[in-house]
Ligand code: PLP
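Shown below, as structure tokens, is a lone chain in the form predicted on its own; questions about how it binds or moves come after it.
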């Protein structure tokens, strides 16, 4: 078979994955043949997974966190919906469960609704973020989960998490926060987004995004281990007797790399990366505004701008890996591999096309 080389990140501007930290890459290589889905056999990687969850909890304001290292944000979001649905089986009168989320919630919630046979209700936004009053209109006695996003995929916005959590609590529903991308940036901001700030039950937070671990290394956190009980199934042929994960065999490489990346970077390395990314976002937004483009102000290090579709196509033809929002704006994510030099090169090409 002809050798194929992986994607070069030099012109990748819209991905939420990035070049792994060298320590993460080395750890992944050492643990390629391990399976945290069988902790009785692979005890070392099981211990590393416990360490990963402890550190993720510390990042997200939660001591004694429960959870596991998932394949990514999609799996963690599906599991959060599954927890809420299964928990509601013990609630009197819940026969047709639903989930209420903002329009900006990731498409993985659509997958979750389909797979789990549950209704998904999407509430309209206000200024690119969730409107708690609008969400309240969608909640009823069949609502089992209310979702907020801490770092939206398209615009990098942070929903009013304390208000959303209060809505969930008032209706005996669980509250889930999707911080898959934002979770490694938000600790260095003034936003209220984590377990210390609100009565959140579960959270998605992915080391393989801004955390600089290898793929796959997502994260599902729960406020208590009891919240994971609705996921538990028996595993009679394994040394461990039960399992709460969605997949059985899982990547020990992802687990080990997550631990290695967080050991190397938390907190100072992540603080520096977050500051650099935000500075790049604000510089880039200013440069686009000066060229006459409409820009959504970057609350977190993500820039959306209204560049003509024909121009976006030409940029892709020049091998810039860029994507669009649902409304058609160009979307640039300031991941750790995105440098000021890359952004200048992109702007040079944009100027030539204009």
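All values reported here derive from a predicted model rather than from experimental measurement. Numbering follows the first chain given and starts at 1.
Omitted from view is the form predicted in complex with pyridoxal-5'-phosphate (PLP), to which the following refers.
Using a 4.5 Å heavy atom cutoff, none of 87, 143 and 202 lies near pyridoxal-5'-phosphate (PLP) in the predicted bound form.
In summary, among the residues 211, 254, 102, 151, the only one with a non-hydrogen atom within 4.5 Å of pyridoxal-5'-phosphate (PLP) in the predicted bound form is 151. Contact check for residue 74: a non-hydrogen atom falls within 4.5 Å of pyridoxal-5'-phosphate (PLP) in the predicted bound form.
Shown alone here, residue 260 lies farther than 4.5 Å from pyridoxal-5'-phosphate (PLP) in the predicted bound form, counting heavy atoms only. Among heavy atoms of residue 180, some come within 4.5 Å of pyridoxal-5'-phosphate (PLP) in the predicted bound form.
In the predicted bound form, pyridoxal-5'-phosphate (PLP) sits within 4.5 Å of a heavy atom belonging to residue 106. Contact with pyridoxal-5'-phosphate (PLP), judged by heavy atoms within 4.5 Å in the predicted bound form, is confined among 74-82, 269-277, 128-136, 191-199 to 74-82.
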